[in-house]
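For reference, the chain that follows is the form predicted on its own, supplied as structure tokens.
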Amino acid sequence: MTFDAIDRELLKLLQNDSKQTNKALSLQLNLSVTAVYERIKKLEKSGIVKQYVALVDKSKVKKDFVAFCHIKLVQHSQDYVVKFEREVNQLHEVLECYHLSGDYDYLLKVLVKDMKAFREFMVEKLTKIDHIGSTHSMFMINEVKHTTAITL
């Protein structure tokens, strides 16, 4: 799908605040409410807009200890990769998981209450997954930039 300038601006506005009404969006874009509605439906139908979510302040829900875990599997067989990915998807503490090239196989972003909760996660959950050869964890000192918006 190709974007025109209005699509790009609409996506920017939706990424900033997806709860805006079509009327509010139409005023900002100088379009009719129907035109905005149709453009949004087109973006949704094409899969460009996948879902609408609420962004939760992690400190307000006492989940502001962020760790990044590098994971190295003992082997790179398809069975080990599939099993690891299936099991890590079941861990609610893991917000993000990326399969990487380089020294480590995976990078996990883990969100828990504190160091004690992180240790519990490591001992009780993560290291119980078969075929993990090694882990290396780093902890966030300060969040310098965090965005979910994609510039088009």
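The model shown is predicted, which means the values in this text are computed figures rather than measured ones. Sequential numbering from 1, following the sequence displayed.
Just so it is clear, the following notes concern the form predicted together with a further copy of the same chain, a form of the same protein that is not shown.
Taken together, the three residues C97, Y106 and V144 all come within 4.5 Å of a further copy of the same chain in the predicted complex, as judged by their closest heavy atom. Comment: a further copy of the same chain is not present in this chain, but in the predicted complex one of V33, L29, L91, A117 has a heavy atom within 4.5 Å of it, namely L91. Heavy atoms of K19 reach within 4.5 Å of a further copy of the same chain in the predicted complex, making it an interface residue. For the chain shown alone, I132 is not a contact residue for a further copy of the same chain in the predicted complex, no non-hydrogen atom being within 4.5 angstroms. V123 falls outside the set of residues with a heavy atom inside 4.5 Å of a further copy of the same chain in the predicted complex.
Using a 4.5 angstroms limit between non-hydrogen atoms, I6 is distant from a further copy of the same chain in the predicted complex. Shown here without a further copy of the same chain, the chain has M138, F139, M140, I141, N142, E143, V144, K145, H146, T147, T148, A149, I150, T151, L152 in 116-152 lying with a heavy atom within 4.5 Å of that partner in the predicted complex.
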